[in-house]
Ligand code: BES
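As structure tokens, one chain now follows by itself in the form predicted on its own.
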Amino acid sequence: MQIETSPKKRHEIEADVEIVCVVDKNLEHSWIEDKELLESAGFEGGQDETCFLPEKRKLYVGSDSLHHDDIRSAYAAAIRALRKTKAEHVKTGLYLGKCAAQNVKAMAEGMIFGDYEYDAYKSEKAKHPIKKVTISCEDFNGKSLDCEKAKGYVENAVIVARATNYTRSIVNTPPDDMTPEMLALKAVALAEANDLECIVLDEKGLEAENMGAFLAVSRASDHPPRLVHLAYKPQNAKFKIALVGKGLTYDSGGLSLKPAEYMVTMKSDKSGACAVLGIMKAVSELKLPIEVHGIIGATENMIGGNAYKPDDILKAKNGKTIEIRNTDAEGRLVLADCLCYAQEKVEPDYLFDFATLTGACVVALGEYTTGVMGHDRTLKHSFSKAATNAGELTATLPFNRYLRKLIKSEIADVCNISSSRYGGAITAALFLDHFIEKEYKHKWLHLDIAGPAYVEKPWGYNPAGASGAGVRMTVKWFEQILKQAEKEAKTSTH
């Protein structure tokens, strides 16, 4: 589906169907030309409610407000509804709220998301009749927006939305077809397509890097582990950022075996790694002046005679020893070594990790919200603001010294699980904190995406399955820090 902007008025654009938004259930708006027909059809204009009037060649969709996330969701619903028709060319106008850029991007993102369906393993493929969408730069409220600016906003949004869908599809791929080796090959293909640097380490490479925690998790799997290091290095980069992703292509729980019902959907335990791939794709295509390194720890956590065990003592890359009391707390072991690698090899200005790390985070925040943790309040606030502007939900979970004591080990430097069943998302992050060097403490954020990364039912503009959590908010944060740096540079010159 191609999305374009046009300086023409809506009535001047020839198309099969027009999408019209009903805002705040108000059928009295001047642009609602079919009020009687809509009322007779029982259409009330609730969020994402649609009503197709084929004789008028219009599809009406409800949006609770002009807030960008409501508009994004409405346009996703509109495209989903139109996929049931034979319409190939769709037109619409603008719905500008407080921020024109946000709303234009939201419209384009919503349409890309509404057209997404994961059908790789279905014999009957999904229908995608819509080939082109034309957005008139005419706003329904009479506001004006330069068409070149609108075009730029749409192009930006399409890149980010497609990177999100790219992430979704990798997460959705079943474990038999997305092994650690295959995930590494995905990264290599992305590097070739987007002109990124790429290093892949196998078991020998991990041994040479002294990644004892990472290697222990992988021991019982027939599929060998891989560490992937992607790098996007534009000229005159303003920042250097390292992103670390948990890439458990399957997690059985190891010898601390998960109950059968908890093993289903564990293909999603690679969502952090997939988010890093999606971010790398978006950043390189947007050509942002930021040097970004994506580091992925890809492995399986399986059972077998060679599996690592409760009571084992592992040594991580930074030399710290880890007492194992539960082999299902494996993602933090992989991340520990990858975080050490990122600090040593990249020396970043900022260090973020993405992981479906704990069920405790889902208990605390629900399925739709990412837990944000770290030491620096300003950084946490800055990232949460970007997430809100991108349409992703976040909440901050606070560190404290009492929870830190719960991962104390009597026989090693740290234990891989807490001695209490409570506060598990925070104690997991505090475990990772043992592998963050002093100079990076206030540059690091831990993002637990266990809730929103994979939900087995549709929500908003997200389909059942993978959501691509982490991609949009991180790209938005990159854009936010670039604007701030530009603003500070202008201030210093005056």
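Being a predicted model, the structure only gives us computed values, none of them experimental. When you see a residue number, it is the position in the sequence shown, counting from 1.
Beyond the structure shown, there is the form predicted in complex with the named molecule, which is absent from this document and is the topic of what follows.
Only one of 355-363, 117-125, 102-110, 388-396 places residue heavy atoms within 4.5 angstroms of the named molecule in the predicted complex, namely 355-363. The named molecule in the predicted complex comes within 4.5 Å of a heavy atom belonging to Met266.
For the chain shown alone, Asp328 is a contact residue for the named molecule in the predicted complex, at least one non-hydrogen atom being within 4.5 angstroms. Within 4.5 Å of some heavy atom of the named molecule in the predicted complex lies at least one heavy atom of Lys258. Of the heavy atoms in Arg332, some are within 4.5 Å of the named molecule in the predicted complex. Contact with the named molecule in the predicted complex holds for all three of Lys246, Asp251 and Ala450, each having a heavy atom within 4.5 Å. Of the candidates Cys137, Ile417, Met178, Leu82, Ile417 is the one whose heavy atoms come within 4.5 Å of the named molecule in the predicted complex; the others do not.
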